[in-house]
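Shown below, as C-alpha cells, is a lone chain in the form predicted on its own; questions about how it binds or moves come after it.
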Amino acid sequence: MDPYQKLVERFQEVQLLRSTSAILEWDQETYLPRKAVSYRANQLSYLAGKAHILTTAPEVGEWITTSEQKGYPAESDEAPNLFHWRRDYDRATKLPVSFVEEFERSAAHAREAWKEARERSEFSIFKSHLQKMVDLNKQKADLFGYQASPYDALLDQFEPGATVNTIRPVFADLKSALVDLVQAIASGSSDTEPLAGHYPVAQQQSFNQVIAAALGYDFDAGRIDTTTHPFASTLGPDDQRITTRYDEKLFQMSLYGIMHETGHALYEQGLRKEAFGTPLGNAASLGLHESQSRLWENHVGRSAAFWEKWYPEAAQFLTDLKRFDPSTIVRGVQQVRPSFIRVEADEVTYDLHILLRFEIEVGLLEGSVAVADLPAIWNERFLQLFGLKVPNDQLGVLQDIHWSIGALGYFPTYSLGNLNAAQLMNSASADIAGLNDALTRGEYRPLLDWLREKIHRHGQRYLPNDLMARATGESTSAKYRIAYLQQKYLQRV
C-alpha cells in the first residue's frame, strides 16, 4: 500500500480511539455516576495511551518521510495533511506513553475534584489536583521545547503559531479600549437583572431547540443535554453534541449558551465528512472555532434584529417575557455590567475575563504565580480589573472547568475568537448583499454558507492567520472588535 494511504488508515484508526474517548468524556460530563469516576479515568488513560502508541510508532515517521519526498503540490489534499502529521508526530514523539496515560488519568480525577470543590466553594478540595495538572503541563512544555516561555509550547497546541510575545501586544490594545469603553458605559448600566423572571426549564429547552435548528444545527447529527459547564463535543463525523445549563430566573444563560455551542457545532458539521480523521477534517484552530461560537452568540443573538424576529415566538415559549417589549429585551441582553462568571459575562467585559486568565496562566507556567496563592491572587486582580470583590471561590477561581482537564494555554483562544468573529462579520457584511435584512428576517443560511465557504470547508489547509487573511484580507486584528463594540454600545450612552 502507498505510504500516504497507510497514514490515512492509521490516523483514521487513531480517530476511532479518540472519538471513543470523546464519548466517554461527554458521558462523564452529563450522566456518569460519581462512583464510576475511577474506572472511567482508567478507561480514558488506556485509550489515550493506545492512541499515542499508534501515532508515534516508528513506521509512522517513515511513512511521513517517504510521502514528503514525493513532493505533493501545495494545493493538493496530501500536502496540508502531511504538514500537520509531521508537526504532530514530531511533537507527540517527545511525550512518553506513560506521561500521556498519567495526564489523562490525573485529568479525569481532577475534573471530579473540581466539580465537588465548585459545588462546595472550597478551593482546598481542588488544590492538590490543580497542582498536579500544572506540574504535568510544565513537564509537557519542557518535553515539547520552547524558546521564550513554556506557555508558548502549550498555546501552540490550540493556536498554531501563536506565542505570548505575539498575543500580548494585541491583548494590550484590546484591554485599553475595553477599560475605556466600560467606563464610558458604566453610567448607563444597572445592578439588577432587567429580564429576571420565571422561565421553567422545559420552556427554555423548547425555545432553545427552535433557535438551534433555525441557525442550521442538524438535530439528526446531534442533541442537546444539560451539564455543569456548557460545551460542544464531536463524537463522530455525524455526531456533534451540545450542552448548556439552566437558571429558571434567567433564560439568557441557557439561550446564549446554546447559541454559543451551536456555533461550534455548525463549524464541525461544515467540515468535510470524508476527511474525518485527517487534518483536513479538523478545525483550523480554537481561535477560529471560538470565532464561530461568538459570532452566532453575540453578533447575531444579541442584536436588535434577532429579537425583532424572535420576540413573538420567544414570548409563546417563555411566557414571562410577555412583560417586556422587544426593545426592553434588547437592552437587557446588551446590558454591560461587570460580573463574576465568564460564561455569563456581557460581550464588552467578556474579554477582560480572558485577559485575567491569560496572565495568571502565564504566571503559573513561568513560576511567578503559585497554585496555593491562586484564590488570593485571583480575588486581588479581579477587584483591580472589574471593581468587584469576589465573595467566594465558586464565583472566583473555581468557576471554570479548563484547568481541571489540564487545558492551560486554551484561554487566549476565546479572545482571539472574539477578534476573528468581528473581523469575519465585517467581511461578510461587505460580501453578502442584504445580509442585515436577511438576519432581520431570521434567514441565517446566507451567513452560514459564507462561513462554510470561507472557513469551514478548508479544515486545517491553512494556518489560522493565513486562513483569516484569505477570508478577510488581513490577519487577525483587534481593530474590528473594538470598532464593533464602540459602534454598538457607545451610541446608547
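All residue numbers are counted from 1 along the displayed sequence. Predicted, not measured: the structure shown is a model, and the values here were computed from it.
Here the subject shifts to the form predicted in complex with another copy of the chain, a form of this protein not shown in this document.
- Against another copy of the chain in the predicted bound form, the set Y31, D218 and G236 is in full contact: each member has a heavy atom within 4.5 Å.
- Proximity of H129 to another copy of the chain in the predicted bound form falls outside the 4.5 Å heavy atom cutoff.
- At the 4.5 Å threshold, heavy atoms of G222 reach another copy of the chain in the predicted bound form.
- Proximity of I23 to another copy of the chain in the predicted bound form falls within the 4.5 Å heavy atom cutoff.
- Within this chain, L47 lines the site of another copy of the chain in the predicted bound form, having a heavy atom no more than 4.5 Å away.
- Only one of E453, D431, D466, D27 comes within 4.5 Å of another copy of the chain in the predicted bound form through a heavy atom, and that residue is D27.
- Exactly one of the stretches 50-58, 422-430, 439-447, 457-465 approaches another copy of the chain in the predicted bound form with heavy atoms within 4.5 Å, and it is 50-58.
- Residues of 415-452 placing a heavy atom within 4.5 Å of another copy of the chain in the predicted bound form: none.
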